[in-house]
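There is one chain below, alone, in structure tokens, taken in the form predicted on its own.
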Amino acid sequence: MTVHIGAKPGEIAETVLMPGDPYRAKWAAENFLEDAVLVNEVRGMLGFTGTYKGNRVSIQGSGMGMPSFSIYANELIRDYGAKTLIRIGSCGGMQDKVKIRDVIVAMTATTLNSPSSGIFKELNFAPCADWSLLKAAVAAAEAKNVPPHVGGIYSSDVFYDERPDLNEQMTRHGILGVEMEAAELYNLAARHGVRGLAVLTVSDHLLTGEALPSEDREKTFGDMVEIALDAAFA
């Protein structure tokens, strides 16, 4: 048991999927895992452990933003022995070719600032996904006839962004989408020698203003969860 995770030793699997929303963790556990058991509800940040195709897996909410994500990822790695962490979440599209409901597999994650910035100081470290996971996720998506976009994303440290000039440069440089957690995941994975990946669903679009209706999200997010699970155990 840690400050933020109430699971007992052995209750969390080595493979952990991490949605930001704790209720998405609950939904994913109920719909994709067998024999799912609630192992954490500290501060309402729900976590579950069950099996997927005979493989033990946990799904733990991380909250919004890199500081919150960093707390849970650090404790999962340091105190519970997690070896594979996959973020499953929503993002905003930043390219014309990226459409609502599309899946993005993030190769790299650019950011202005993260909890790891104090470690790197003046160094512009380039955090990236684990290659074995990324390759497996692309294969899993294609097998489901869900061709993914693969490339760089932007992890913002603010939700209500007031930097249209920065967004313009992200789009100009080919960034596929924006979210708020993946860069810190990739930093921590590199630091601790574990596998990290972000598989994202485009829920809204910065260029067109489109947004995915809440009632339509479940099926599309289901594709993302299955891709992450299949990639983890490829």
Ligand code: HPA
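In this text, residue numbers run from 1 along the sequence as written. Worth saying up front: this structure is predicted, and the values here are computed from it rather than measured.
In what follows, reference is made to the form predicted in complex with this ligand, a form of this protein that is not presented.
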property: Listed range touching this ligand, judged in the model of the complex by heavy atoms within 4.5 Å, from 39-47, 196-204, 24-32, 55-63; result: 196-204
property: Exercise: residue 86 in contact with this ligand in the model of the complex, heavy atom 4.5 Å; result: no
property: Partner contact for residue 92 in the model of the complex: this ligand, 4.5 angstroms, heavy atom; result: yes
property: Residue 159: touches this ligand in the model of the complex, heavy atom cutoff 4.5 angstroms; result: yes
property: Residue 170, heavy atom within 4.5 angstroms of this ligand in the model of the complex; result: no
property: Partner contacts for 1-27, taking this ligand in the model of the complex and a 4.5 Å heavy atom cut-off; result: none
